[in-house]
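Shown here is one chain on its own, the form predicted alone, set out as structure tokens.
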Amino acid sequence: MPDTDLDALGLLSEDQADLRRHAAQLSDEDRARVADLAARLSARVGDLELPWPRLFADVRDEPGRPMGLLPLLALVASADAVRRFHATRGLSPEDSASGLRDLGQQVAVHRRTYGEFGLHTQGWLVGVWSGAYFWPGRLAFNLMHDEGRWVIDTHIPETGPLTPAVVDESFARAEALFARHFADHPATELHCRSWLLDPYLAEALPVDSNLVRFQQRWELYGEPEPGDDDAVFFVFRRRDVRAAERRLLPRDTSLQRAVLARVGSERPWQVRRGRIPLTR
């Protein structure tokens, strides 16, 4: 187990205990594999123009072992490489930590989704480990090269209400952070790709709801993509839910009811892309 402060990576105490227990049971061959994966992750930190590689595509889970254990350990072991890159960019330890804590967030989401310790979003975290992902306030952002330009990609963690005030604050902090520390990659707009940008949301929820007001900030562009799976996962934290299982999902909130009313229908949810020009 790498000598790393797991609190700084956002891991909850129960996840830390499980990680240490399973790490202690690894074979020498497994430890060598983790070291190799960590070296590969470290080598690409700061290569912001590269697409997020599938570094873990050939890492198979073994029976009796938590999902994603070796990639998780490799991410832990390479966190210092991300911190060193952040330091070269003049980022504060607090800003640096804000992105790295997404590791713990993803492990917690895995436990909520599958009811046990593990990680299934390691491909996403390869992008976080590129070194340009931060969480300034309510929203999270990463610098991304898109269609020949730099944009600030926006992500919506499940951490509280999306009130207009906290969204405004987060947008302003993100714009200032990237302008100051990544001036050599000047972003021209905010970007978002999410099922929450499906215009149907404004039909299903009150016009003054936080989600509708967030959605209406964005200018939509590009072709719609299938969004049923995203809607079910982000609202219910369930993967691969069949029609019979959907009937058992809760309908306690207007959002839950709206999602289930449309999933699998002739008018399914869509993932849409949106943009907002930057003010600077």
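Don't overthink the numbering: it's just position in the shown sequence, from 1. The model shown is predicted, which means the values in this text are computed figures rather than measured ones.
The next section is about a form of this same protein that is not shown, the form predicted together with a small molecule.
Stretch 188 to 196 is the answer when you ask which of 174 to 182, 114 to 122, 88 to 96, 188 to 196 has residues with heavy atoms within 4.5 Å of the small molecule in the predicted complex. Listed residues 26, 37, 48, 235 were compared with the small molecule in the predicted complex; 235 is the one with a heavy atom within 4.5 Å. For the options 205, 81, 109, 151, the one in contact with the small molecule in the predicted complex, meaning a heavy atom within 4.5 Å, is 205. Candidate site formed by 138, 162 and 254: every one of these residues places a non-hydrogen atom within 4.5 angstroms of the small molecule in the predicted complex. Interface membership of residue 169, defined by any non-hydrogen atom within 4.5 Å of the small molecule in the predicted complex, is ruled out. Shown alone here, residue 146 lies farther than 4.5 Å from the small molecule in the predicted complex, counting heavy atoms only. The closest non-hydrogen atom of residue 211 lies within 4.5 Å of the small molecule in the predicted complex.
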